[in-house]
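Shown next as C-alpha cells: one chain only, the form predicted on its own.
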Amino acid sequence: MKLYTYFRSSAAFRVRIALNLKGLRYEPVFVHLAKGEHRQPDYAKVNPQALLPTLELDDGTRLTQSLAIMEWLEEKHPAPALLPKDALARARVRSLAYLVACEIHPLNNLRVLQHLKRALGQSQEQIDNWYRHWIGDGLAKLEADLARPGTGKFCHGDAPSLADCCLVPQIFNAKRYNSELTPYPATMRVFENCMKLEAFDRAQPAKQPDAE
C-alpha cells in the first residue's frame, strides 16, 4: 500500500496511527501541503478532492478521507479492533471521533488559516487566537464527554480506538499553537496513555521522513 501523506497533516496522522495499530506496512508518498502540492494537476489525478490522505491499495484502488479509510481498514483488517463489538459502544467511539474530526479540526485546518490570513487580512496573533478559541471550545466538549461512563485508559475502554486515532493529532496541533490544555485532565490522560504506545509514537510528525 501507498499512503499519500504530509508530516503535519492531522488527517494523515490519524491514518498513520491506524495503520500502525493494525500492523500494516505502507510506502509513504509525500505531498507538501504548505507548498500547495496537493493542488497540482498531478495530485488531482490521484485524489480529485485535492486533500490528504489518500491510501492506494496494491491493486491501484485509491481511498480518500481519513475516517472512511480507517473504517475500511477496520472492515478489511478487523484485528486488533478499532471499534468495539457492542453497538452502543461503537456509536460512542464514532461520536468522539467525529467531534474531533468534524467539529474541531475543520475550523483550524491549513486552508482555513490561510484564508484568514490571505483573504481576510488577519494578523498571525488574530489567527492564533482563532485557533485557540476553537480548540478550547471543542476540547471542553470532549472533556465533558470523557467524563461519561465508558472511558477507560483510552477514549473508550482500555484499548485504543478510532476516537484515539483522531484525538492524538488534535492535541499535537493544540500544543503547536500553545493552547492551554490544563482544563482538560481526562483528555490529556488519554493522550498520554496513547503516546506510550509505539503505534502512536511512531506516527507523530517529528518522526516522519518529510519532517521539517
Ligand SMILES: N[C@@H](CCC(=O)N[C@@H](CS)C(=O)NCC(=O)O)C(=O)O
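Owing to the predicted nature of the structure, the values given are computational and were not obtained by experimental measurement. Residues carry their position along the shown sequence, with the first being 1.
Although not depicted, the form predicted together with the named molecule is the subject of the following passage.
- In summary, the region of this chain contacting the named molecule in the model of the complex, judged by heavy atoms within 4.5 Å and restricted to 175 to 183, 141 to 149, 157 to 165, 61 to 69, corresponds to 61 to 69.
- Using a 4.5 Å cutoff between non-hydrogen atoms, Asn129 does not count as a contact of the named molecule in the model of the complex.
- Mapping the unseen interface onto this chain, Ile171 falls outside it, with no heavy atom inside 4.5 Å of the named molecule in the model of the complex.
- Using a 4.5 angstroms threshold between heavy atoms, Gln122 stays clear of the named molecule in the model of the complex.
- In the model of the complex, Leu19 stays away from the named molecule, with no heavy atom inside 4.5 Å.
- Residues Ser10, Ala11, Arg14 are the members of 10 to 30 with a non-hydrogen atom no more than 4.5 angstroms from the named molecule in the model of the complex.
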